[in-house]
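Just the one chain here, laid out as structure tokens, in the form predicted on its own.
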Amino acid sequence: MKKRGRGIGLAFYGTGYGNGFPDVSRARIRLLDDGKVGIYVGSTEVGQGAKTVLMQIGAEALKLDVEEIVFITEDTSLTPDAGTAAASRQTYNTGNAVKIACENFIERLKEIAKEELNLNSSYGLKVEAGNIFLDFFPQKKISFKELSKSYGSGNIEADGEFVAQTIMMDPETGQGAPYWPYTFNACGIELVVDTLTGLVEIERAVFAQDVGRAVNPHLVEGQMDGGFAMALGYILFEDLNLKDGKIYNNKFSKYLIPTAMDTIKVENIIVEDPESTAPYGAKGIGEPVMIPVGPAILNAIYDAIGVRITELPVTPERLIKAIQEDNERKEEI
């Protein structure tokens, strides 16, 4: 017999290291050959889109096309420390560091342009599209290319540092503000449970994710799809079958993960509520996207069969066993 169920899961997640632990990101901006701008940052790309997002933040701050930016990362001999690619912190923390470094770089360019243009003040200078010019007299200008020819590659630079605000929890009261900012999400699931075979089929999924501001909406949706697929595997498929310290499902022929045939098209909803302390309002979502999916699936299973599953993954064998044990308890009553 097939039974249909619906469930929702809600989550909030504090990004960054938290609990008063030092959470620092640094970035460096340099003027390179041909007027291109180098962004040097120690953030590591692990598939979360850090390189793309941080380059976009830099391009926005410098008012440059991304084609004019050289992004240098993952080289400790060249880049300042940006902290780990963990705790969903790179967009917020290192994004802020990149933005601050870009703002400092712009001020440095204005001071140099003041001397090059024989001005008595840097007031009124504007930096845009690879030029520094007087806003009220645009003919008075000098380009990034001209400066790079005069000063050489790498000789005009500026650094930026961002320290996230976090407060250690009071050990006596358990009170504090361990994280900032928080991100929020919700997932809704509609599924069918076959009570004869124990198979669970997801028919519909809706996923809403607060991102602050979506720097790159396509990457955000990719994160949401990835988090959904990982949670689906964790809840329904991935079983190490660990007994007495030995892993029995030690190959992919036994350790099952979701394939394209097991996943569905998720209805993603990007919620934009800009965070005032974030770079252009953007918050990190790397880890939070996985959290509400599991509870939503488990709640939907409970809605379908009236049995609360407490052991993961929900394999067909475990589901049938849970249904049988529930029926036996009901008969005893």
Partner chain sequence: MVKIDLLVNGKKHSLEVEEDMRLIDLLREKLGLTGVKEGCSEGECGACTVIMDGEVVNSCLVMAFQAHESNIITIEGLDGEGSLHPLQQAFIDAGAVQCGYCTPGMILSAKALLDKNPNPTEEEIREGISGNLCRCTGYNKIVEAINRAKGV
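If you're wondering where the values come from, they're calculated on a predicted model, not measured in any experiment. Residue numbers count along the first chain shown, from 1.
Same protein, other form: the form predicted in complex with its partner chain, not shown, and the subject of what follows.
Taking a 4.5 Å heavy atom cutoff to its partner chain in the predicted bound form, the contact residue among Thr197, Asn118, Asn155, Thr259 is Thr259. Contact with its partner chain in the predicted bound form, judged by any heavy atom within 4.5 Å, is made by just one of Glu146, Glu221, Glu74, Glu128: Glu221. In the predicted bound form, its partner chain sits within 4.5 Å of a heavy atom of Ser253. Interface residue remark: Glu107 is not counted as part of the site for its partner chain in the predicted bound form, having no heavy atom within 4.5 Å. Put simply, Asp225 is close to its partner chain in the predicted bound form: some heavy atom of it is within 4.5 Å. Using a 4.5 angstroms limit between non-hydrogen atoms, Val46 touches its partner chain in the predicted bound form. Proximity to its partner chain in the predicted bound form, taken as heavy atoms within 4.5 Å, picks out 213-221 from the listed stretches 213-221, 173-181, 134-142, 188-196.
Heavy atoms closer than or equal to 4.5 Å to its partner chain in the predicted bound form belong, across 261-278, to the residues Met261, Thr263, Ile264, Lys265, Val266, ordered by sequence position.
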